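Next up: the same protein chain in two forms, each one alone, written as structure tokens (structure 1, then structure 2).
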Structure 1
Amino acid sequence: MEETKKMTRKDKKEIRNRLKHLRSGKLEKRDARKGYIFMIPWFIGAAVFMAYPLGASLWYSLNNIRNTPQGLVYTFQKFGNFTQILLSDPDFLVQLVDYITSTILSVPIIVVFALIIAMMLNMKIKGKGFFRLIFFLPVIIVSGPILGMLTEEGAGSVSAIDMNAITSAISGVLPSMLADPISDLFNNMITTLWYSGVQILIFLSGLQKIDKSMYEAAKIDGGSGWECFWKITLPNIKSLILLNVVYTVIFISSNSTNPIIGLIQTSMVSGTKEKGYGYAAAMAWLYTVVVLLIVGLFALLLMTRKGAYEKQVKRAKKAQKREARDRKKIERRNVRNAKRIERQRAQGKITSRTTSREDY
């Protein structure tokens, strides 16, 4: 320490020069440069197609904008667009509340359905590939216009279900704020389930990665299928559940059939002077905040909750640690006692004949 204090500037410079020689070689530098070059397209893409539009839309949201042939005409509004949306645009708030309730209700249904189908597709069945194709097909088919046409034809609901009976039953029990979205969910049950194609694939990939020997070991120990699901399958794909939930929320939120997206688009090309690009951008930002809150809510629920298996493992580890600590404590005491006896013997306080077991 004292030596460092005594070091002069000259010494430091010399050390730096020496360190220079120790720095990465040419090959390493070239590799690093290549890495950056490969990343440049992403940076350009992110800057042009993400950062710039994000910044521009934020700026738009603070302005009233007219889209004239001579260019965009901006009138700075501060937070005028936001206050107008929140205070005098009942459509947006109504749609937003509907969106929040329907998303919170439909996301768990979609994810659970995807998990069940993924588990079934993971079984040893004939024509597995064909069934996988069938369940993935809606991902390709369910684009805005086609979905709209199918829904118009009544393909979005299960015709065998008596919707009137369900709606009246739900309305009798729940307040309309909750009853309406639940009824809508039943009305569009098929459409909702069609949204699960990608989630099924993600779950399937997770299920295929689980080591089969774990199931074999569990079976040997007498574990039932139900126990295997809760103690092996679910803990292993837990991280994928969160991934699928986030994916589902984003998918539902950015789907072209989403009424709020429609509302934002309509506002964008509205003839009302107060509306236009700025107003639509403010709507989009408010909507984004709500979507992020929903994602955060689901993340909070799924990230903090630990599985039963993990709890057991943690408990067992704690017990092992406690045992090890006790063992060490006993060992230390034995050593201390042995030393004490040795000392007493050397002082002649005890003879070997009088040594009894209690001394230890």
Structure 2
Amino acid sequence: MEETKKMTRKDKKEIRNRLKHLRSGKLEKRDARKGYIFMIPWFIGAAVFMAYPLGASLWYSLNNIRNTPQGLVYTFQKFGNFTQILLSDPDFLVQLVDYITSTILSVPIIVVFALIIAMMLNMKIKGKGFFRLIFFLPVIIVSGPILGMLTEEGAGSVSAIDMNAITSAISGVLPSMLADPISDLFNNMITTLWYSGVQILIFLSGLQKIDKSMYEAAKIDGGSGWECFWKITLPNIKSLILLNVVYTVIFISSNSTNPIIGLIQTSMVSGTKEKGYGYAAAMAWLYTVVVLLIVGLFALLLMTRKGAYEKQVKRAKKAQKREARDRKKIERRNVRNAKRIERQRAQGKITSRTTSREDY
């Protein structure tokens, strides 16, 4: 009977744990509801200030719009603007290919540079606030027309003598399709690195939240700085890497110096019969689709790849679940055996002397 009481106490304890788990699940749902409530203003703002402009631009892209003294005249032509852009507008396609190549090349450079600078600023050095100001100051300077003025003066590019040597070296190794975008990237390297101020701050905030005891424990176990970086730092800031990649792609795509933005604006105010508001809207929608595909590509590369640490954690969790299932099976079997022995004792079939360990 004492053994049965012990098992029933275990069952009660297990029931209490399950109730606690259910209560914690309710708390998580309540916190999630609070989060959705705080997101309601954003949804309202998106519906009011984004839904109508997006719908209007989509309707414009399906029409040929002419600006007359009587107002705008709409001529519905389905996907005529899109087919005209893709089949008979070489400027847009050339600019789009250059944009895709330069974005895929420049985004990793900006993010890696931002991570390196953030790790350096996170070290114990004197004047960290001053250095953070230096790296974030270009974000303020390059905003607006100041960036265009600096670009026209050649402040954001490498000198012509050095650039000629770089271009000749790259052209001798790579084909022209890759050599031209890489040469442009080196030519605008200073401007490209100016775009890393916000990313540095995001990485810096993530690095400061990592528990320092993890690094101390790793060093006690003989881990090197390189191993700490791959097994502690990167897994903890993996979500911030994806955030910075998405932010960098959107920032480069919506930058005023982007030649595609200028091409869309020129098409919008063009006085030709084929172009106009509808043509520019169709061009903008094609450009948006390409930007979303690039964001999806980077997200796919970063979200599907799991680190060694995450794999070890996943295997450890599976082993714990398997051990818990085996332990529950043993407990249930012990409960059944104890009940069977008690029934047999009550019926007088066995006595305490005849009970062996095998019965349990």
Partner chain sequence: MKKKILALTLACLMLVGILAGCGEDGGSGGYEGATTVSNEYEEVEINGYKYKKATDMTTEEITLSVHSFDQKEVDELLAQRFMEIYPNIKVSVSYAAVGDDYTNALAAMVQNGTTPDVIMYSDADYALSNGLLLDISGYWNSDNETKNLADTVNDAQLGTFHLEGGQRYGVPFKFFPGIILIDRNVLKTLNLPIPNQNWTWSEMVDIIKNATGHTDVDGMKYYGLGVYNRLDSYYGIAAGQQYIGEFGFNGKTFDLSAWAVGEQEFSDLKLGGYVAPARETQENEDWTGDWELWFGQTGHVAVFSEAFWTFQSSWNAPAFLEANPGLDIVPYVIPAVSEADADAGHHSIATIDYGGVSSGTKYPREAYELLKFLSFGVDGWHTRNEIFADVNNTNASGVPLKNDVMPVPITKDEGIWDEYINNVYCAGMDDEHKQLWRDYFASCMQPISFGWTNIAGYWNFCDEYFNKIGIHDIVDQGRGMAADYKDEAQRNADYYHAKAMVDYFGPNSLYNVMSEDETAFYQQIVDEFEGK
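By convention here, residues take numbers in order along the sequence of structure 1, the first being 1. Basically, rigid core = biggest C-alpha set you can superpose within 1.5 Å across the two forms. Predicted, not measured: the structure shown is a model, and the values here were computed from it.
| query | Pick one: which is the form predicted together with the partner chain? | reply | The chain shown as structure 1 is the form predicted together with the partner chain.
| field | Core-aligned C-alpha movement of G71 between structures 1 and 2 reaching 2 Å | value | Moves: yes, 2 Å or greater.
| said: Aligned on the rigid core, do the two forms place the Cα of A319 2 Å or more apart, comparing between structures 1 and 2? | reply: Passes the 2 Å threshold, so yes.
| request: Please say whether, between structures 1 and 2, the C-alpha of L297 moves by 2 Å or more once the core is aligned. | output: Stays below the 2 Å threshold, so no.
| field | Angstrom shift of the Cα atom of G45 between structures 1 and 2 (superposition on rigid core) | value | For G45, the alpha-carbon shift amounts to 2.9 Å.
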